[in-house]
Each structure stands twice: as C-alpha cells, then as structure tokens.
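In the block that follows, a single chain appears as structure tokens, in the form predicted alone.
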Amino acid sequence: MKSGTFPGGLCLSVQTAGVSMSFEAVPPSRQVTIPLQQHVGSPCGAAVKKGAEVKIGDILGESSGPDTAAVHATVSGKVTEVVKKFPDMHGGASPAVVIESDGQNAVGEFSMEGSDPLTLIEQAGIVDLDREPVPLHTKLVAAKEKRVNTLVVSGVDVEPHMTNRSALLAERASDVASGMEIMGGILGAKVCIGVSEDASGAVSSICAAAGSANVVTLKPKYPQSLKELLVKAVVGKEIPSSGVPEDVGVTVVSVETALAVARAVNEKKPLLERFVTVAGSAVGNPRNVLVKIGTLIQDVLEFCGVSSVSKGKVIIGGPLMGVAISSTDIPVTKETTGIYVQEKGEVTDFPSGVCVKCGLCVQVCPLGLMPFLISGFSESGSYAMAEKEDILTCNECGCCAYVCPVLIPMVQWIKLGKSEIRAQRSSE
C-alpha cells in the first residue's frame, strides 16, 4: 500500500459526520418519477404504457444501443403517466415514467439471463456512477478494444461534506471488492483502488477485502476524485490534455459502480437505488442514505429533517461542483451523487469584483491552468483566446472561485465559454 497526491488543490477542514454511520433506507415516494435518460447518451424507448401494472425490477426503458442504459421500476404499482418531457437537474428534459406505488413492494418476474458479466451489466442498466454516468457496458467494451491494462476504482469522496463512498467502503467492502474483481476479469487488467487516508474505516475494510487489488491511500485533498488527478496519483500516468484515461491504458470507475456490478453478476439484480450523502448547513444531522431511484428530492429532505423554513439553496452533488436546482420536485436518479442544502441566510449574491492578479487561482488549480485568464476571456466574449488557453481542459472543480478574494464567479464564466465554443463547433 502506497500513498499519493497531486499538486495544487485545496486542503479543507470540514465536518465528516456520517462516515461511520450505516446507510438509512429512505421510504420511496408514494408517486415515483423515473426518467428514461439517466446517463450520458440517448433516452431509452418506453417499454410500458399508461395504465400498466408494474413490479420492482420490471423494465421501463429498453436499452436500444451503446449510448443507452436500461431503466427499471423501483416500486410496484400502476403507471399513471408516460411523460414526453420531464425536467432534469441540468435544465433540460427527457421522457419519464410516473408510477403510483401500491406499497406492496412486489418483485417482478423479470430475470437477468445468462452468465456473461458484460451481458448482465447491460441488462442491469448500470452506468458509471460518477459525474459522467456513461453506460458501463459500453465503457468496458471500449476499454477492452483499447487494451486497457489497469482498472482504477475511485473510493475517494467526490466533494467536501460528501461521505458516501467512504461509508460504502467501510460497510460493504467485500461486495465492492467482488465487483472490482469482476471488472478486472472482464478487462484482463490489474486493479487499483484509491482511498483517502483520513477515512480509516474505509481503508481498513478495503485492505482486508481487496485480495490482489492494490490499495493506494491518498492525501485528503480536494478534488482528488477527478479522473485526471486520480490516475496520476494512483498509477503515476498523466492523461494528455483533452484526453481520456483510456489513452494511457487506464479505465476509472467508482466504488458505487463496483457494488452495482457485484449485485448484477452475483445476485442478478438491476440498478434500482443510490447511496447518497445529505449534508449542508440546513441539515441538522448529515447522514448517508439509501434511496430508490425515482424518489423525489423533497421526500429525501423531509426524511432527513430538513424543514422548508430553513431550506435555502438545494444542490445536487456538493458545494463546489454540484448543480443548484430550482425545485425539489425532481427525482433521485443514477446521476445523483449527493444532496447539499444551504440555509437561507447562507445564500448570498456577491457582486463580481475586478481581478487583482493575485495568482491564488493559479496556485490551487490542480491542472496547472490560469483560471483568471480563461474566465476573463470568456467574460469578455473572447472565446477563441479562451480556447487557446485551454479552457476545454478545465474540469470545473471550483478551487479557483473558492480562493478568489474578489469573488469572481470563474467557474460560471468558464462553463459559459465552453458552451459557446461547443455551440460554434456544432454549427460549423
């Protein structure tokens, strides 16, 4: 077991309540809404119609190509509506199936067939449960074609205050290790897992269960979970600018993904739930919860004791890379990495200042970029100059905005610049 880290980033002292707690199961909403697109790619085709009776595990959305992932019913009951456009957390919309639960939790007769792990992963509708939820079957097939020789599993919590990965390792290390072994076998690759060294329960549990996998402890620094930094710290390889881990013979997945694989292959169970941390200043008791996909964010918050009086901004993810949502009437999906809730008094609009060229953003940028420069070009509409300064390489971790003394919203300007550049490319 070795220890690794990366230059730049932030060393933050935050509350980590919940790491040692068992996951509490949140009762599903009486009416669940299950989008047919919970992954990077195209929506699934609806496999049910209004009025249909469904049971847990029944297919709602069929996988119809490499850029789709099957979607299953997470409760039993009646389909009350098949919506063509249901709003998602990104501001877009996708088809969705609405089910009125009968409270019976009846399990369907749907059975995942065969013994081939890749086929079972595809039938289970597993995506890589990270910031970019790519259909896992497609990801592993592409990795095999590129002859990837190393599988890196991320056991590092995605953001400050988010503790679900550490808690998952501490509680279910043997299942995670089984999933790691299955994926390593599919790829014919060696397996490494990165874990934060301050998550002592996670480290000891996975070391005991990991078998031949190499456990690498990492310095507790943000944003260690990002693939570019994880690969460098764990296997010492640097992903080229605008490249992907597979370019250097590595594939990266999360511990949640490994657990889902173990369940699919060993127990023939589809992906029906998410392990989520609920934290933030408006959450009196931060905790880790197990949530059925389709359960409304509002119902999760009520279970965790978050009152509408104190609730200010609700963020899917964490405080630095998460996405703020305007309504809590959207469901938990395969894309939900966490829920962070700020108190009303903590939500403040700061006027953007003028850059004083202090260089703090450059010091903390884990990719060695010049955030003040690329965000400034984007703010002024000089997108070609921003692209020249590698704006597309930015991983939007938010370290720069966190340390900026004049509160320039650099990440927002960078996101805008990326969007404009990609729109220009599409029109060409």
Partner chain sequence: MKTPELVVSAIPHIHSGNSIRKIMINIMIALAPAVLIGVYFFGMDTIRVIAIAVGSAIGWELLLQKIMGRPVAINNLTGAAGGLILAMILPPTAPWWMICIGTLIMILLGKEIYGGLGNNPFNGVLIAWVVLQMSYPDQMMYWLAPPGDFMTESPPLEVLKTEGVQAVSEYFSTGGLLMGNTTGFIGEVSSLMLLIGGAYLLIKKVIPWQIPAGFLAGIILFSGIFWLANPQEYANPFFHLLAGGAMIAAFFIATDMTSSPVTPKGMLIFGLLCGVMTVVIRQWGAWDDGAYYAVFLISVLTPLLDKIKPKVYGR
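Positions refer to the first chain, counted from 1. Note that the structure is predicted; figures quoted are calculated from it, not measured.
Same protein, other form: the form predicted in complex with the partner chain, not shown, and the subject of what follows.
Note on the partner interface in the predicted bound form: the residue among Ile182, Ala173, Ile315, Ala143 having a heavy atom within 4.5 angstroms of the partner chain is Ile315. Checked against the partner chain in the predicted bound form, the candidates Gly322, Pro223, Pro286, Pro135 yield a single residue with a heavy atom inside 4.5 Å, and that residue is Gly322.
Although the partner is absent here, Glu238 sits close enough that one of its heavy atoms falls within 4.5 Å of the partner chain in the predicted bound form.
In the predicted bound form, the partner chain lies within 4.5 Å of some heavy atom of Glu228.
Proximity of Pro27 to the partner chain in the predicted bound form falls outside the 4.5 Å heavy atom cutoff. The partner chain is not drawn, but in the predicted bound form it has no heavy atom within 4.5 Å of His90. Exactly one of the stretches 44-52, 27-35, 63-71, 358-366 approaches the partner chain in the predicted bound form with heavy atoms within 4.5 Å, and it is 358-366. The candidate site formed by Phe23, Glu81 and Val107 is entirely out of contact with the partner chain in the predicted bound form, as no residue has a non-hydrogen atom within 4.5 angstroms of it.
Along 385-399, these residues reach a heavy atom to within 4.5 Å of the partner chain in the predicted bound form: Glu389, Asp390, Thr393, Glu396, Gly398.
Cα of Thr277 to Cα of Val309: at least 3 Å shorter in the predicted bound form than in the shown structure. Note on Val309 and Thr328: their C-alpha atoms are nearer in the predicted bound form, a change of at least 3 Å from this conformation.
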